[in-house]
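Presented as structure tokens, the chain that follows is alone, the form predicted alone.
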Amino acid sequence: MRDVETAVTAAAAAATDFDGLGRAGRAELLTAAAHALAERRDDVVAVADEETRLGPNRLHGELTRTCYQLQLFAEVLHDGGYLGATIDRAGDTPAGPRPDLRRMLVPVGPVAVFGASNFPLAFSVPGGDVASALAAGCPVVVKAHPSHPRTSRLCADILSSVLPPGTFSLVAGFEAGQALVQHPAIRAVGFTGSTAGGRALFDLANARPDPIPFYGELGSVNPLVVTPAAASQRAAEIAAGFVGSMTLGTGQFCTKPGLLFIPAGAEQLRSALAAEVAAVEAGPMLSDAIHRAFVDEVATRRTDGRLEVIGTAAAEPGERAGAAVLFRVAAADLTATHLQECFGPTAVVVEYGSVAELVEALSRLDGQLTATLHSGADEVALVAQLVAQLRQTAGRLVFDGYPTGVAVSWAMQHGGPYPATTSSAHTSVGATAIARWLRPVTYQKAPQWALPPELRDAPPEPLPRRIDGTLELPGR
């Protein structure tokens, strides 16, 4: 693959100088990239809307988020705490003499990022994986998603206009993706997409002579549990919130709740859910392939004798449009097939007859990005039991809310046990995403001139450091 070879070779050549810009230099570039995207806002939104049909309002919001992500990582760089800078000075210890030791995280080198289908901006070419990798000091080669090639190229051109040569490149095509993962100069991969596609690339990354980290976000049904008290006290409110979350973006968010656990006999809640679904208009699907997969899956579910349709959208879907459908199944009849993700505006309502039956059903779930719990004020013991169960499964626990909508912040977690992600140690959203692209290095008895600036006795820029076991913060 000539394009892949050219891009990766350029990235490898640029890596040392890009790292050498330092935290302040890279922060300036990230801020410039955010401004450059904002200046081309109308062009980016227009092209993205033509390709995805997501609508200007959604795309303007997504572009705002994208620019904010870049600016957040500029703040992460200025803060410097992500480096974990640690200094143990030479001296005697109960275990014997200790040499001078200084440790921090450094960039892994050139990385590959795969753009997502459902977020043409925030999780694609200028998205969070790219922003965090650039912040870490890693040149990036992005594999464009085929659902929005012109949007990908436009965003790549905008980023390339402000980043140093070789620091950022774009390639396209199925074979290019495979070649990227297998290229010996690529040191890590970020991926957001299907379980099948991600697992295939994950296996390629691990089959290399030198296996590399593969950070894949693959699949999640994001269970939402309603306790008996919540079902009786807030049926209408929960139904409206759940259906709104399930159908947001035509059900094409990775955090869409696809399983709803409610008490058996909660007729008011079931009726409210059916009414809410009936009021939802069909929405656009991102691509013909995604639309076909949704239609096929809904058809399969309709023929499943264990499932009952309890709510459908009143409007007939148009071309490449998805109409909401809500199914019901008794917890005793729940199968592994019902626990699989279906991309689009559909979900399965699971009715449980007892707490024991609920816990047993939850124990059968694979890893999830999120798990949500709606409860009553007097159900403290039950909530504690369910939290203990759900925490084993999910990377983010949501209380009395809805999982769609992933904040860009320092505390956000967007990962979970497999298959939600291939590695739950590091997230793909928020400040800690930078950890994906770093590795630790310790310097022993190094002269001051050979140390990174952050590990010298007098660093040029203030940052948190742990010195002889004590955390020292700037200004304190």
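Predicted model only: the values in this text are computed from it and were never measured. Don't overthink the numbering: it's just position in the shown sequence, from 1.
What comes next is about the form predicted in complex with another copy of the chain, which is not displayed.
- Taking the partner from the other structure, another copy of the chain in the predicted complex has no heavy atom within 4.5 Å of any heavy atom of T52.
- Taking the partner from the other structure, another copy of the chain in the predicted complex has no heavy atom within 4.5 Å of any heavy atom of V45.
- Of the heavy atoms in R456, none are within 4.5 Å of another copy of the chain in the predicted complex.
- Heavy atoms of A336 never reach within 4.5 Å of another copy of the chain in the predicted complex, leaving it off the interface.
- The partner is absent here, but in the predicted complex a heavy atom of A394, alone among V221, A144, V349, A394, sits within 4.5 Å of another copy of the chain.
- Proximity to another copy of the chain in the predicted complex, defined as a heavy atom within 4.5 Å, holds among P184, P211, G265, G197 only for P211.
- Of the stretches 290 to 298, 276 to 284, 321 to 329, 197 to 205, only 197 to 205 has residues with a heavy atom within 4.5 Å of another copy of the chain in the predicted complex.
- Contacts between 100 to 114 and another copy of the chain, taken as any heavy atom within 4.5 Å in the predicted complex, involve L101, R102, R103, V106, P107.
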